[in-house]
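Here's a solo chain for you in structure tokens, the form predicted alone.
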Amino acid sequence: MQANDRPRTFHLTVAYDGTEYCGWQVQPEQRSIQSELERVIRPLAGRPVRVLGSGRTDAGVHAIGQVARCVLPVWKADTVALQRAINSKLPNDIRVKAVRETRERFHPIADATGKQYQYLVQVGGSRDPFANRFVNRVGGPIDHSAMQSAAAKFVGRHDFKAFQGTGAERPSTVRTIHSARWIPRVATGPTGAELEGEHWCFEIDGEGFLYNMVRNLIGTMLEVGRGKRPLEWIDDVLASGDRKLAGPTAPPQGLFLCRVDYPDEVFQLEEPDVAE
């Protein structure tokens, strides 16, 4: 087989506003991010193509740096041309930010070494109609020192079974969290005017996350920050492994998948076999 006749595997960095979608994963009779990408890539491949994501995001959850893989049986142009071809047919709330060619055996889930999520919270102030899709507005007051201490409880290697949502159980619920912190932010509307209330971003980096884990952590930390639970309660929840003892699941609209990490070897292409 000639080098230019080989199927090529691509790493797509995808951003989207998840408000109008049922989530990442294909669902019958519903719009999903995955189905939109597959619809657009199919004519480029000349046949149906499965676009595999680094993980599924729920309805209403957004992404700045979701990663997806697609394999094209024949694509002779470069990655920039592929990015343009895909983006030209996507709806306005989905965009491929970058395309890189990878090794044939690249797997966006198995090869991932880490992820970063962010969750946006507005404390008090009136609801802004333009931020409503992207921020979880909660009543105050909030003890920010308690929130930071609560976030620190999750750093390290722990069993997060108590924070796993039902419906996507994993064989192991042990995960390592590298960092977790609340960051104050200045939020502005479309005209540049500063929005009312206090605005915070929760940023968490880890080797991987369970289904609904970040939103369940948020709901639990807010219980502490609003004085409904003591800080030590988090230790009890972690030790229990019981989802019913943790805080409520925070709404999806504040959550963003920001980054998925991979080793450099993923992008070191194998030398193709050259026909004699």
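When you see a residue number, it is the position in the sequence shown, counting from 1. Treat the numbers as computed from the prediction; the structure is a model and nothing was measured.
There is another form of this protein, the form predicted together with a further copy of the same chain, and it is not shown here; the text below is about that form.
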- Is His178 close enough to a further copy of the same chain in the predicted complex to count, meaning some heavy atom within 4.5 Å? no
- Does a further copy of the same chain come within 4.5 Å of any heavy atom of His62 in the predicted complex? yes
- Message: Although the partner isn't part of this model, could you tell me whether Arg105 comes within 4.5 Å of a further copy of the same chain in the predicted complex, counting any heavy atom of the residue?
- Response: no
- Message: Please tell me whether any heavy atom belonging to Glu20 falls inside 4.5 Å of a heavy atom of a further copy of the same chain, as the geometry stands in the predicted complex.
- Response: yes
- Just one of 170 to 178, 186 to 194, 155 to 163, 69 to 77 has heavy atoms within 4.5 Å of a further copy of the same chain in the predicted complex; which? 186 to 194
- Query: Of Val123, Leu120, Ala146, Ile86, which one comes within 4.5 Å of a further copy of the same chain in the predicted complex, counting heavy atoms only?
  - Reply: Leu120
- Task: Could you check which residue among Asp93, Asp111, Asp205, Glu198 gets a heavy atom within 4.5 Å of a further copy of the same chain in the predicted complex?
- Result: Asp93
- Message: Do any residues of 122 to 148 have a non-hydrogen atom within 4.5 angstroms of a further copy of the same chain in the predicted complex? If so, which ones, in sequence order?
- Response: Ser126, Arg127, Asp128, Pro129, Phe130, Asn132, Arg133, Phe134
